Structures are given as structure tokens and as C-alpha cells.
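Take a look at this one chain, the form predicted on its own, written out in C-alpha cells.
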Amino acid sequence: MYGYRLGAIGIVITFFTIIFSTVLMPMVLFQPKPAHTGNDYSTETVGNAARGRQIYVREGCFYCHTQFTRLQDRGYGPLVQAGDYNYETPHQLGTARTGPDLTNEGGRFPSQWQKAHLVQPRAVKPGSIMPSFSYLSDEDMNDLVAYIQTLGNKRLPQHYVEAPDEYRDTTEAGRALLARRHVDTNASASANAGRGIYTQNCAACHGLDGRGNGPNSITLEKKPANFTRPFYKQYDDSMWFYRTSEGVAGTRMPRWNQILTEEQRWYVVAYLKTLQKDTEETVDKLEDVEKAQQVKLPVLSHEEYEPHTGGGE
């Protein structure tokens, strides 16, 4: 009996020690100074961003979306600092990341696009699993869009599609990498050499012509990239080499720097640059998209939110 009591006391002491060291002590000692890159909720004039944040919390958007960029989140914009969250209570860090990270979402798309996405997600983003929020009132919808547009508005990146610093000539490691390169990625001979390497290692998923339709693609939940999309015209040599070397997080693409030599990866880059690029048809108004896809989208006007198709209050 005496031994059980000692065991129980030990468990209680251990429990409170863990709580003290992991919750209470960091809460008291970790007091980051406010950063100058926190979200500015006062910039939106059409909607009330502060109220939009309350709607974001109420609708549980953080169940799927995170608001913290990590070191491995390349392509999601600048990293956040601890001080960015000084006035974020309750914080919206999220955990699941079923949807994309929204840390730097503000300004990435027009407000009209954000609203259309909330009303009919798949109308503007095919494949999206986000539910429709068309039941929100006009005021709620506008405020929610205003909040989304403030996310990261003090950390706006100049370019979303660019390789990390260590792959560019902005760092010593990047300059050393480029100095070692002796493959002319613009030469047809290099492209021919890269084609063989690509066929052996990449074509099974991306297809022989890079359209993402290789025989393995049908079994992959996250479909391989279609390199003929105009989007890839933005890639420079460093970006191609980075993607080829480190793969894409969240997909089945491996880190080829563990398998191929540096020289082989540059040859692959030379071949990827030669793939045919499809043309992209653009429209100036979302009404035109509505005609093409037979979906009902919010009517647009100049910098104003229009009543959407959802229910009112």
C-alpha cells in the first residue's frame, strides 16, 4: 500500500514538472518583442479586417490552414518571427495544413478572386476541397476577405517563384554552386544529355513530354507537375536546379540530390528548359470565366465588393 502511494506521488510530481517546464515556464519567460512585420489590420478600407479575423476564428479556418511559414516552406513567402504574433490572440498557427499556408496570402490574389473562392472554391481553383462559405452574409464575407488580404501585408515578397538563397548568387554557397557548373544549360547537346536522364528517372511520373501524365501518375494522389504550363516559364536555372535537387515537399518526388550527381541534375535542367510550353488563355473579368465553366461567380466592379449569391442575415 505504501509503495502505491509513493508511485502515485511520483506520477503527480512528474506530471506537474512537465506542465511547468513546457507550458508555464515558457509562458512567463518567452516574451518576444513586437516585430515590425506583424499584420496590419487597418489597411483595408472596404471591409473590417479585425472583425474578419473573428469570423475566420468562428468558421474554424485554422482547422485546415496554418499561419506560420517554416524553413522547409519554400515558395510560401518570407518566414515569420515570434514577435509577429504579439497581438495575435488567439493565435491562428493551425496544425493540420490540409489547405495551403496563409501566412503571406494577403495581396497574392485580388480581393474579387478571394471572394469568388470563398463562394465557389472550385470555380476559381479546380481540385480545391474547401467547402463553400456562400452562407455568410455580405458583411461577413467582405470582412473575411479584408482579413485575408491583410495576412503578411508587411512581408510582401517580391517574387513567389524563386530558388532559396543557397541556390542563387546571393550567398557564398550559391556562388560556389554556380562556379562549379560547367554544363551549358542553353546548349542543345546538354539538353540531349539531360533527356536521357529525364527519361530514365522522371518520365514515369511526369511523362515523356513533361505533361505530368506518366504511367505512374494515375496512382499518385498528388499529381506530377505539368511542365508545359506557362507557370513554369517563370523558372530560371536556379529554380529548376533547386526543384530537381530537393524535390517538392508533400509529393512523391524524391530528392534527386541523393541519387543524381550535380552534373546530371544540370543536364536535366537543360532538358526541362526545352519542353514545349502551352499557351494560356486569359480573361479580364470573372464573368468570362463564368461563361466558360457554367458557374455562378460574384459580379465584379471597380475595387468594390458586390453582393454575392449567399444568404443574407
Partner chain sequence: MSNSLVDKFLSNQEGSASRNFFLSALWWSLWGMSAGLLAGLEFSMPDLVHNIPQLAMPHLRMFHVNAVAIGWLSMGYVAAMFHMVPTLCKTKLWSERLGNFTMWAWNVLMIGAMCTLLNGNTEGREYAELGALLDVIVMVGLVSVAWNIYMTVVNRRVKKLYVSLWYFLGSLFWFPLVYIIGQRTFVSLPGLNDAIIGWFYGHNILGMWFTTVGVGMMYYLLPRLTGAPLYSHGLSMLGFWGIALFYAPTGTHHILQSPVPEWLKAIAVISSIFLLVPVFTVLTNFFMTMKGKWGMVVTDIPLRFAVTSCMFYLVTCTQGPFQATRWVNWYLHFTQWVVGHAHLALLGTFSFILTSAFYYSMPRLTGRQWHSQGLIRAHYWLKFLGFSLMMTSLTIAGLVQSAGWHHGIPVDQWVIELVPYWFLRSISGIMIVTGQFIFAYNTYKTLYTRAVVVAPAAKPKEVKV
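Treat the numbers as computed from the prediction; the structure is a model and nothing was measured. Positions refer to the first chain, counted from 1.
The discussion below concerns the form predicted in complex with the partner chain, not included here.
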The one residue among 171, 199, 95, 234 placing a heavy atom within 4.5 Å of the partner chain in the predicted complex is 95
As a check of understanding, the residue in 108, 195, 229, 125 with any heavy atom within 4.5 Å of the partner chain in the predicted complex should be identified as 125
Partner contact check in the predicted complex: of 183-191, 215-223, 86-94, 202-210, the stretch with a heavy atom within 4.5 Å of the partner chain is 86-94
Q. Is residue 176 one of the residues lying within 4.5 Å of the partner chain in the predicted complex, judged by heavy atom distances?
A. no
### Query
Are any of the heavy atoms in residue 58 no more than 4.5 Å from a heavy atom of the partner chain in the predicted complex?
yes
- Query: Does the partner chain come within 4.5 Å of any heavy atom of residue 254 in the predicted complex?
  - Reply: no
Would residue 66 sit within 4.5 Å of the partner chain in the predicted complex, counting heavy atoms only?
yes
Those residues of 255-272 with a non-hydrogen atom no more than 4.5 Å from the partner chain in the predicted complex are none
